[in-house]
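In the form predicted on its own, a lone chain appears below as structure tokens.
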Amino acid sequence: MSVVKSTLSDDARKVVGEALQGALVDLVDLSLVAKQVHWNIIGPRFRSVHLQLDDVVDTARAYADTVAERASAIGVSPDGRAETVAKTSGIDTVQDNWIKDAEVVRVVTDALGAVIARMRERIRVTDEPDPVSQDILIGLTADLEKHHWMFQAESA
């Protein structure tokens, strides 16, 4: 059931809705992973990586809201519940307890890489049915790729 009537066809709404839902889940999980390692990082690069993680969280949270609101605008109910995120995210889980700064950099670089790969597929599938949603995904992916580059530079 859709309370909001979309300007997209039913087929286009289904494709785009799935892309936006997947993006939402990955962004919620990325923000949680980044915060988890943010709270538990230790090592000589603590401060610089700690602050860099806040930037990732800010990006993920801002775009999660944008993506969820776009889904609502096209008549798709967004689902950011913990259960949904746990079942469908493309990000590996992180260890509990303290985590060395070099491991944090690796974990976040890998998480960003996984999300970017999934976003690029979402960009591809939304090209024809909804360039507006595709544009949001393109901007998001550009920002994620910037974070990915910066974390890769941390491990060089």
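Just so it is clear, the structure is predicted and the values come from calculations on it, not from any experiment. All residue numbers are counted from 1 along the displayed sequence.
Quick note: we don't show the form predicted together with a further copy of the same chain, though the next part is all about it.
- None of the heavy atoms of V15 is located within 4.5 Å of a further copy of the same chain in the predicted complex.
- a further copy of the same chain in the predicted complex is approached by Q52, whose closest heavy atom lies within 4.5 angstroms of it.
- Interface membership of L24, defined by any non-hydrogen atom within 4.5 Å of a further copy of the same chain in the predicted complex, is confirmed.
- Shown alone here, A64 lies within 4.5 Å of a further copy of the same chain in the predicted complex, counting heavy atoms only.
- Residues are counted as partner-facing when one of their heavy atoms sits within 4.5 Å of a further copy of the same chain in the predicted complex; in 20 to 54 these are L24, V28, D29, L32, K35, Q36, H38, W39, N40, I41, I42, G43, P44, R45, F46, R47, S48, H50, L51, Q52, in sequence order.
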